[in-house]
Structures are given as structure tokens and as C-alpha cells.
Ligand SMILES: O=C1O[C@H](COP(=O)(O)O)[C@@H](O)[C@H](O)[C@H]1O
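Form predicted on its own, single chain, as C-alpha cells, below.
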């Protein structure tokens, strides 16, 4: 594994981890997540973890095995989704189903601390409902608030990136990337099916205490190069380039194909 500092902005720290195999990445991600779980459970009495879809759930597989299955205090976990497709929870496109089948069904997190969207509502209704849920949990002290931004400060967001550089359901060139007020919003014309989704906005993503960005494969090398290049320009930013923590630590978990276009990798 190689480690290198990545480009960072004031108030945030960023590092790049490059692994030789998916197995090595999964081992490291499990250790990283378990350590943050322990840290926040001790400090706050709760650990707020945000999941995404795609290959991220596979990368979390080591958490469902010893020693983490026994050593992690799962009772302190509160689980959220950075985005979700507006489909029933048992639908093959559901991020909830993906996470439940591959992760949540294998660890003893209390069911009442797993916050799925209300799939009986419209996209707009589901986004409003999820934002209301988050605001109640902030009031209850489960979710921290960022004093720097005034948006919720999740302890750890475990994210992935698409080959077009999208994160959550924030796609290149889509107006939602510029949303500055809402915590959760919705999209009805996703360029990637299914078209209707809800998603966290950039102010919420960028208020995180920690982000683990899991990106593997040669198909994502272009956006990785653009995001981590020293020659960043403000025009035509990809969503991945707009993920800049206000006051937190951003760690890339990658493999060699994903960083193949970077120099000094």
C-alpha cells in the first residue's frame, strides 16, 4: 500500500491510500471505520455512519467478520444513506436492500437506528420526510451540528464515485450540485436509472467530520486524476471535486488502476 497526501483546502485534511487488492482495501477500511466508531461512541455516545450504494457495501465486508463483529459497539451505530433510489425497499435498485443484504443483516445494529427513506412517498415527499428525520435527530443529540457551517455533521460518510465523477445522486452539470439551503433534496431526471432519487446536498456532505471515498478500477481513473491533480480549475468542476470538507478529514481508499493516470502515484 502506498500513502500520499492529496490536495486539500484550508480546514480540511486529505490523504490518498492505494491498495494492491480489494482484500487489502477492505481490511484497511474495516479498521478505519471501527476506530472511528470507537472514537465517536466514547466522545458522543453515538456513531453516525452514512452509506452509499455500489461497490461500497462489498468493501465493508470485513466489518461483518471477527474481530469486528464482536469488538465494535454496534449499539451506538446510527445508519443513514447519502442517497437512495425511490423504489420499494425490496427492489433490486434499492440502496437499502444492497446494504441490508451485504452488511446490515450481518451486524447487530438496533433496527430503530437504521434510517431508511419512506418508500411509500413521492421523491419530493421522501426528501422532505428524510430531512425532517435528520432535524429531529439533531435536536435529540444523535447527529452533531457543524458550528462552522450550520449543517449536520455526520461522523463518517462512506462514499463511492461513479465513472462520470458523480457522488451521491449529484451528477455533473445538474442544477442540484448548486443547492445550498436544503439538507436533503430530490431528483426526478437522474441521468443514471432509476430516474427518481433523494440525495444529501453538498453542504451536508462537506460538513462531515470524516469521509472515506472508496474508488477502484481503471474506469474511474479520469475523474480521480481530475480531482487529485494539482492543476485544478474552477470551471466545469466534477461533483467529486466539489466534495471539500469544511473542517474534517477526507481519505481516498483506491487501487492502482484507479490512480493509474496520476503522476507520482
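Bear in mind that the values here come from a model prediction, so they are computed numbers and not experimental data. Numbering follows the first chain given and starts at 1.
One more form of this protein should be noted, the form predicted in complex with the ligand, which is absent from this view; the next part is about it.
Asker: Does the ligand come within 4.5 Å of any heavy atom of residue 54 in the predicted complex?
Answerer: Yes - in the predicted complex, heavy atoms of residue 54 and the ligand come within 4.5 Å of each other.
Asker: Find out whether any non-hydrogen atom of residue 192 is located within 4.5 angstroms of the ligand in the predicted complex, and reply yes or no.
Answerer: Because a heavy atom of residue 192 falls inside 4.5 Å of the ligand in the predicted complex, the answer is yes.
Asker: Give a yes or no for residue 95: in the predicted complex, does one of its heavy atoms lie within 4.5 Å of a heavy atom belonging to the ligand?
Answerer: The answer is yes: residue 95 has a heavy atom within 4.5 Å of the ligand.
Asker: Considering non-hydrogen atoms and a 4.5 Å limit, does the ligand approach residue 168 in the predicted complex?
Answerer: Yes, residue 168 sits close enough to the ligand in the predicted complex that at least one of its heavy atoms falls within 4.5 Å.
Asker: Non-hydrogen atoms within 4.5 angstroms of the ligand in the predicted complex: do 45, 152 and 155 all have one?
Answerer: Not one of the three qualifies.
Asker: To verify the annotation, which of these, 172, 163, 125, 102, has a non-hydrogen atom within 4.5 Å of the ligand in the predicted complex?
Answerer: Only one listed residue qualifies here, and that residue is 163.
Asker: Just to confirm the contact call: exactly one of 78-86, 103-111, 181-189, 117-125 touches the ligand in the predicted complex at a 4.5 Å heavy atom cutoff, so which is it?
Answerer: Partner-contacting stretch among the options: 78-86.
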